[in-house]
Ligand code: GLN
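The chain below stands alone and is given in structure tokens; this is the form predicted on its own.
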Amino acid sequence: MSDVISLTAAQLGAAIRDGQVSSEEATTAYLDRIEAVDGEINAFLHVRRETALEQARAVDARRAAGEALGPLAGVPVAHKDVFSTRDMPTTAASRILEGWQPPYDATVTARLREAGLVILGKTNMDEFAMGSSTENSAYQVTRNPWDTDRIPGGSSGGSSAAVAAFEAPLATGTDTGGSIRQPAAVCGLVGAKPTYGGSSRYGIIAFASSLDTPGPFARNVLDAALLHEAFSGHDPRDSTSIDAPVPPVVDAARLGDIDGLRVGVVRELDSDGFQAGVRQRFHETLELLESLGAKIVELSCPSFDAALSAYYLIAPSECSSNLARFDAMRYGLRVGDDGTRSAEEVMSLTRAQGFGPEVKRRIMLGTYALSSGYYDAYYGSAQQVRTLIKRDFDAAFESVDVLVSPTTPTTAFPIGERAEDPMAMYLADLCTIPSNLAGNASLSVPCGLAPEDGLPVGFQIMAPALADDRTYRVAAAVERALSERDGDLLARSPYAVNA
């Protein structure tokens, strides 16, 4: 079944529609692949083989009945364990939700089902999406398929590792400060953060409600666009959902023409402190875009220098509020309820044992920032910086069509290297955070391997809100030109399957 696994998601969907392969055969191939390699990668927390096969058989039955199928019907997908699923546990990789199975689906989950995608299982992540390495999971450490001694990024590291290890052709993630784009970059994948409000947050276990954004992972730009389109769009159950058409991301991914496009290079996100190989591949990609007819413009977004600091006040503040609901009173873990303790004691014991160190750190940071006497100095000031960052974006987009930068300052770092240094860990999201604070569209596409370590480098493309199609247009141009010049990047991965 390696031939099935080597197909792109678009090719596999077409093969299923044409009857060349059944969804059951494709799903079986991926389930067997998970069984064969996930013992080393640790991408999945939950896999239910029979449930996935039942979904696949249902798609095959629809085809046999003559029903027209969508472009991804019957195609397997890995689903981040932050999306509610009525037929599988949803734990957000936390002990406090161990074994919890929701009574409903998240909107993204429901739309995957409506599009006919087959959910293989739930992927590992940093607990409550708080982290950049997937080392903060309460259950296991996920490994990067390019080098299993290195991190796969975070918080959506299980999803990125699953796709990079050919355990799934597609995966979902959420991006709060870079949690799709950073893992995509270090695993050699395409990962997109849609415009905030362009994809529904309903049914997602919340981290920071003004930042959380669902998005796709894929091995190529078109596949990412197809998944993006499948689960995006207005949702009346999400009060922040934008009532507007989904941008034409699929058409843009197929176009890839950038002649005359104005590309802005953000000076603040192109630092001499970045890994030399990352900057080398980034500047080579700029030269490539220029050769394809793009106009390269260097510009400044001065408020971006304060983005990291503002984010690490806003996100923890929102998390301290959102995670207050995990109180041992209604669902999830309950510790010390022996009839002798008060509700407050049970709550305290449960939260002490149920939350991991990084979650506790951020809850305490956020609670402090929101406390009486400090709110204006910390949280209020951070929101003012957020406004300045948005203004910098708005000013930049008056003179250019897209902005670009490296996705991450370095390639994947060794597991454990930054575990005891939170600041070093937070710096992994230096380039991605501004787009979360502003809410605009952003995407990472592979732009080669760093010469020092042979690991993937990501090229970040940022566009105005609801101009997601521009990110796919530029990404498709980069992908096509690099593929013609260098061949398939993922074919060089140790976990490549007939790529």
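Note that the structure is predicted; figures quoted are calculated from it, not measured. Throughout, we count residues from 1 along the sequence that is shown.
From this point on, the text means the form predicted in complex with the ligand, which you will not see here.
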Only one of these stretches, 131-139, 233-241, 214-222, 283-291, has heavy atoms within 4.5 Å of the ligand in the predicted complex; which one is it?
131-139
Interface residue in the predicted complex among S94, T90, S405, T176, criterion: non-hydrogen atom within 4.5 angstroms of the ligand
T176
With the ligand left out of view, choose which of R362, R201, R351, R143 has a non-hydrogen atom within 4.5 angstroms of it in the predicted complex.
R362
Classify S160 as contacting or not contacting the ligand in the predicted complex by the rule of any non-hydrogen atom within 4.5 angstroms, answering yes or no.
no
Under a 4.5 Å heavy atom criterion, is D81 part of the interface with the ligand in the predicted complex?
no
Any of the heavy atoms of S155 lying within 4.5 Å of the ligand in the predicted complex?
yes
Is F304 a contact residue for the ligand in the predicted complex, using a 4.5 Å heavy atom cut-off?
no
Output the sequence-ordered list of residues from 401-425 with at least one heavy atom within 4.5 Å of the ligand in the predicted complex.
none
